[in-house]
Structures are given as structure tokens and as C-alpha cells.
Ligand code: BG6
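The chain below stands alone and is given in C-alpha cells; this is the form predicted alone.
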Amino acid sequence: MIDTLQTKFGIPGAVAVLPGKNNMPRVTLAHRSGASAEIYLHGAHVTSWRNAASEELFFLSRESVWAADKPIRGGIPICFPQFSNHGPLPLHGFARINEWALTQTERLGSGEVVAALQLTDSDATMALWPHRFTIELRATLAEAALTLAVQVKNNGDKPFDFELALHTYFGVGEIQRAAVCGLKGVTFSDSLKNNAQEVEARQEIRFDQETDRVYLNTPDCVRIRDEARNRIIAIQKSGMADAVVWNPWIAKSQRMADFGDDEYLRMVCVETGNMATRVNLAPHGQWHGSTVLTAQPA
């Protein structure tokens, strides 16, 4: 299978389909600047994004389970069609534990490198969620940016609604020297307080305890300031209403079998999507959303 995909989709110097962990197929994207990205067909899961200096910008747990029926811990899991435990489906839905199809690769004239992956309904998904759908992730790698465009199509004759999140794990040098900026004045739902709603009063969100909040109808640009690594990551979204800020801190890290006890010190999740604002899709309708990640020196 991997050899067949490489023959069909490989682009010398830009795209390769290779065996990954436990021989799971992965697509590697290489920009001429030296920037790179890596996407597993399992979950269409982006597991790596490196800048032109080959510095890793994502967090990936050393304890992650690389198996067909398990999500990968770190990078960008795609939560669809349910976020968290907001419904009857498995936690965060089923997209992150299904095998996606690689449908397109391309090197643009500008030098950007593109890979598109799709998941469509199957007997297994219909048993969980009785709707005909296609979800596509289109990843575009540039010198200093990674763009993630998501499209959901309703292929059936009845409407459905869904939640979706790009559950992005960013690597930071030290969590105590990291801040999330741009959410002051935004209402959030705090999952650690029975989803009680409050308004964010801080100019900078800093971390000294477990944090798990859904921010509602947020500004389209949020930033992570990583003081230990002297860089800023900008998260620019479109068509996505909400954002999540999450760090498991000490006790929850110890409860998660696929997460190292001390790894909370080197990561923060800032997630984009529609986690509180569900999307309703008419028969044969389409929805589009995107997130552009950029990294630069502070």
C-alpha cells in the first residue's frame, strides 16, 4: 500500500509516502526553505511541523500509542463529528481513529507543498452516526506557515449538525514561561467547574494549574508567546467560532496512560473549531473552515 501511494502521490524533493511508527503510512511534506510537516493517514493526523531551521513546533507525547484503534497523543487530532463528551459518540468522535485516504499532493508554483486527505462514511461510521458525509483536510506547507483547511460535505438527503476541532498541541520550552494572548473579554465555559461560564479578564493567560476552557465566539487571531524559546506562534482562524485552551497539569497527566507524567511542562493546546457552536449542514450542503499557523521570533 505504501509503495503504491508513493508511486501515485510522491513528488521528488517535496512529498514522500513512507512507513511511520508501527509501519503506519505517513506523508511527509518538504518545503525548499527547509520547513517540513508530517501527516499520518491514521486520523489525517499532523504529527510534526518544523520551521526552516528544523525546529519542531508541535508537541508529541513519548507515550503515544501507535495503533489503528487509538488516537495519537499530540500534533493535531481532528475531533469530528463530536467534540469531547458532548454526545453519544466516542470521546472526540471517530475521525481521529479512522484511516483517511490520501487524495492529492501538489507543489505550487509559489513553492508551497500541499496534501489533501479525505474520510467518507462507511458501515462502521454509519453504525455510530447515521449520516452520509465527506470530510477533507487540506494541509499547505509554506516557509513560515502551515495552513489547515477543512471541508465537510453532507452527502445525504437529511440535515445533520456536527462539532469539529483541530485539537492542536503546541510545544513550548517551559509552560510557566508561556502565555496565550488575545482572549481578554471573551466568555468561556470552564469544564473544571461544571461548564460554568465566565469572562476572561486577563490580557495574558498563564499556567500554574490544570486549564480546560472552551472560549466562545473568539477573535480570529490568538497568539502563543513562548518566552523560553523566544518565539511567537500566531493562530489565525476562519469559519471557526470557538477556541479551546488546555493543559492537563500534574494530576491529569498522571491519569493519562498515553501522556508522560512530566510532559505538561512542555506543551499547551490552543484548539480552533466549533466546539460550543454546532454547525448545521443542509442536505448536500458544504462547510468550510481554516486555520493558519505561523511562527516567528519574539
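Quick note: we count residues from 1 along the sequence shown, nothing fancier. Values in this document were obtained by computation on a predicted structure and should not be read as measured data.
Not on display, but discussed next: the form predicted together with this ligand.
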Using a 4.5 Å heavy atom cut-off, indicate which stretch of 49 to 57, 244 to 252, 230 to 238, 36 to 44 touches this ligand in the predicted complex. 244 to 252
Identify which of Phe188, Trp100, Tyr169, Phe162 has a heavy atom within 4.5 Å of this ligand in the predicted complex; exactly one of them does. Tyr169
Using heavy atoms and a 4.5 Å limit, would one call Asp212 a contact residue for this ligand in the predicted complex? yes
Looking at the partner-bound form in the predicted complex, is Val199 within 4.5 Å of this ligand by any heavy atom? no
Does any part of Phe133 reach within 4.5 Å of this ligand in the predicted complex? Heavy atoms only, please. no
Would you please decide whether Glu271 lies within 4.5 angstroms of this ligand in the predicted complex, comparing each non-hydrogen atom pair? yes
So which bits of 62 to 78 sit within 4.5 Å of this ligand in the predicted complex, heavy atoms only? Arg73
